[in-house]
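As a starting point, one isolated chain is supplied in structure tokens, in the form predicted alone.
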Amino acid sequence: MRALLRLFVITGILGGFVVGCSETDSAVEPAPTLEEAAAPPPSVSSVPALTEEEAERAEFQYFDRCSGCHGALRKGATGPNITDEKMLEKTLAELEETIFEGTEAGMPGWGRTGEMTQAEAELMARFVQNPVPIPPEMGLEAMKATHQVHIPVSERPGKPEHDRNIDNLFGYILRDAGKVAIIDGDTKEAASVFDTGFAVHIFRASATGRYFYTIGRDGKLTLIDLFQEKPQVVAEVRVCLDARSVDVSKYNGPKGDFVDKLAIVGCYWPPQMVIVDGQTLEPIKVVSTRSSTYDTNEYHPEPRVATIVASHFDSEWVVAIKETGMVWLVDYSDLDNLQMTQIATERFLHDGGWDATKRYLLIAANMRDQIAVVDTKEKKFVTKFETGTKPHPGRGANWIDPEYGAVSATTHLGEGLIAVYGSDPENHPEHAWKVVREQETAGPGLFLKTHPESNHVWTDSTLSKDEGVNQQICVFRKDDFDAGPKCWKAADHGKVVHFEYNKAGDEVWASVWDKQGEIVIYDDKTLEEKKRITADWLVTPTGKWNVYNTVHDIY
């Protein structure tokens, strides 16, 4: 425990992009039988010894690379249960090989990809055979102790102090450097590079487009003011020990004007959501997500928040609770009398986003190989359907198919496949929520992307274990999807990951993810490379978000 607490200090926790998971479904462990409860614990001599320094290193490594899939308590979600009781059933040699080489079903070989040495894989094998260190909780008082407002609202400029096109600015994650960059999409120059949280997972833009919010794996939330002469962090707070998601309030209607007034953070640990002031990030309210699974009604100690989006129909955030399979509609119009609608969908919810109408949440229940559909206007579950092995759409991709009308699509963690499905129940009910087209890609990937002004769908193969394939890009034509993709190698080092369009929809930006990172910019119409950005500050670039596309939920 002492080493774990030091870990949180090291990572800035008390002061995305984790990828790859194993194939085993991971329902909540059933209560032990009387015989099991009475059985003696594993012999102390069978548990591998760890020095205090080794435990400290292993805890950080687990947090950085493993907890996203296996959970802080190691009970599993997208990845399987890897508690010490389970891991003592394996030999150290077997565990070390799995960690170093990976699995066929999606867990990366951390040694093969260069993230772990053989010695580090051996250390992790010993670590997971030791008892699980229980992370501390984090309440409102601890959060407020981390809260800082660097520039008060009254001292912020009333209009931009520069002549950049704010709509075409990009927020760019520099994952392992603990930094982000704001890049001018017109000039391709970095407007600002600065420290944020450890391993930032996403950017979200405020409804007005003035601010960017970032959330890091260490639970640190930052507020970036794009009106400043040089964009900078104007407020920050730490609301979790591990986090992935954030969104803002966008509603302006009969219940009041909440535009940019509030923000919500979804935590992995502690399992909770936190509502903060949208202008200062002062923590306001904490809501635990600990509850029972939708199907078996068994209590779950670690239901983590996955996707969050802001409803376009009401003063609500749409919050997906990963392990319990619930989608919560959280009404932020009266925080003193908080109301929520809880919708049962499917377990192990992960990434997702809107259909083209922004009415339906389309979210992957990836360990069940399904997409779940929630109607946020009628506030009810619609359906779920299978697509392929471990769907992972990111926020997804929407376009008009020449035969099936409005469609949406997902890539997959477990296989090189794009599944396209109908998403227009009003005009094409016969195709709605059914897979209508499938095409193979170069290999398992994380993201796909398109734009209303484009005829192309871009996808990566970041998780492929074949030599060089994770450096490829594949592009499909919307008007001839069945012709298959055009694929090419975009880099000779690192992994190519994540795409974003500029505001006009005629450029696509891709990341080369390693310590000698690159940004590769393509002409969307010709697929020709327009520019390749390299710089000392480009350390492990991953996700990026265009202001205009993020404000308007264009994907």
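We number the residues from 1 along the sequence you see. This structure is a prediction, so every number in the text was calculated from the model and none was measured.
Beyond the structure shown, there is the form predicted together with a small molecule, which is absent from this document and is the topic of what follows.
Can you pick the stretch from 129-137, 202-210, 339-347, 288-296 whose heavy atoms fall within 4.5 Å of the small molecule in the predicted bound form?
-> Contact-bearing stretch, as computed: 202-210.
Which listed residue (251, 332, 172, 447) meets the criterion of a heavy atom within 4.5 Å of the small molecule in the predicted bound form?
-> Spelling it out, the residue with a heavy atom inside the cut-off is 447.
Among the candidate residues 456, 261, 179, 395, which is the single one with a non-hydrogen atom no more than 4.5 Å from the small molecule in the predicted bound form?
-> It is 395.
Residue 542 near the small molecule in the predicted bound form, any heavy atom under 4.5 Å?
-> Heavy-atom contact with the small molecule at 4.5 Å: present for residue 542.
Contact test in the predicted bound form: residue 277 vs the small molecule, heavy atoms, 4.5 Å | Looking in the predicted bound form, residue contacts with the small molecule do not include residue 277, since no heavy atom lies within 4.5 Å.
Tell me, yes or no, whether residue 412 is in contact with the small molecule in the predicted bound form, where a contact means a heavy atom of each within 4.5 Å.
-> No.
The small molecule contact at residue 351 in the predicted bound form, heavy atom, 4.5 Å = Residue 351: yes, in contact with the small molecule in the predicted bound form.
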